[in-house]
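Here you get one chain, nothing else, as structure tokens; it is the form predicted alone.
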């Protein structure tokens, strides 16, 4: 069976970096995002082509259904699902617009729910496959609706891994920290207060994620400093964790200039 990965959020950020790294490692790809032109250009650039492009909006029911149908197809089957599409809001709850909050939950939670559900059934039926979700270190130490959505991704992925044990389907959650992508610009947040040492490169995140996935790990937290930090703060009460984050990585809202995009990649 030809290894074929379906990557959501492939037009930018961590999703794009994961698509590039997968292609370098010999995978065929199904690239998913809203912007068909960006996806087509990326497909042309990648090695090991040709690659497929699926232009769908994950914030819509029709978009989710189309992607689930591709995952379920037994012709040129998807053997790895990577749910890298994600978005945030332009302010903290309850001050951010409700439309942004609902779109974030549809993309970060509902789309992940539907796609991983479909992939689990299809891959178990075939007896082979893999699922990589993209959570965040926010799940360990932050508060608010974005962190809650990423905590949901992390815990659901760990549960899914347990349910698919010995099925031939591997499952891992990628939990990156602050990564140099378009995410903060698209969510209209100012990350200038984040300490310089906390920034990761998307390419490094992608390489570590795939190495850890191949090694059979349940969770990948890229970067030694982040692994140490997560291990330290996870034992604190929730208020203590948030206080640590506010001190070393304060975020501020920016004036809203562009619509939120469901193709924004994590962190």
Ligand SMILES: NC(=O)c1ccc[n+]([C@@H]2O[C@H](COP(=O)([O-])OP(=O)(O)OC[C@H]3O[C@@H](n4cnc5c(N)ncnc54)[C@H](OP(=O)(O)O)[C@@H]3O)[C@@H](O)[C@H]2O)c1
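Residue numbers count along the first chain shown, from 1. Everything numeric here is computed off the predicted structure, so don't read it as measured data.
As for the form predicted together with the ligand, it is not shown, yet the points below apply to it.
Q: Flag residue 33 as yes or no: does it have a non-hydrogen atom within 4.5 angstroms of any non-hydrogen atom of the ligand in the predicted bound form?
A: Output for residue 33 is yes: heavy atoms within 4.5 Å of the ligand.
Q: Would residue 173 count as a contact of the ligand in the predicted bound form, using a 4.5 angstroms cut-off between non-hydrogen atoms?
A: Taking the distances in the predicted bound form, the answer for residue 173 is no, it never comes within 4.5 Å of the ligand.
Q: Any chance residue 116 has a heavy atom within 4.5 Å of the ligand in the predicted bound form?
A: No, no contact at 4.5 Å.
Q: Is there any non-hydrogen atom of residue 177 lying within 4.5 Å of the ligand in the predicted bound form?
A: Within the cut-off, so yes.
Q: What is the one choice in 101, 190, 182, 72 with a heavy atom within 4.5 Å of the ligand in the predicted bound form?
A: Exactly one listed residue reaches within 4.5 Å, namely 182.
Q: Can you say which of 90 to 98, 120 to 128, 156 to 164, 77 to 85 gets within 4.5 Å of the ligand in the predicted bound form, counting heavy atoms only?
A: Careful reading of the contacts points to 77 to 85.
Q: Heavy atom within 4.5 Å of the ligand in the predicted bound form: which residues of 99 to 134 qualify?
A: Counting only heavy atoms within 4.5 Å of the ligand in the predicted bound form, the contacting residues of 99 to 134 are 107, 134.
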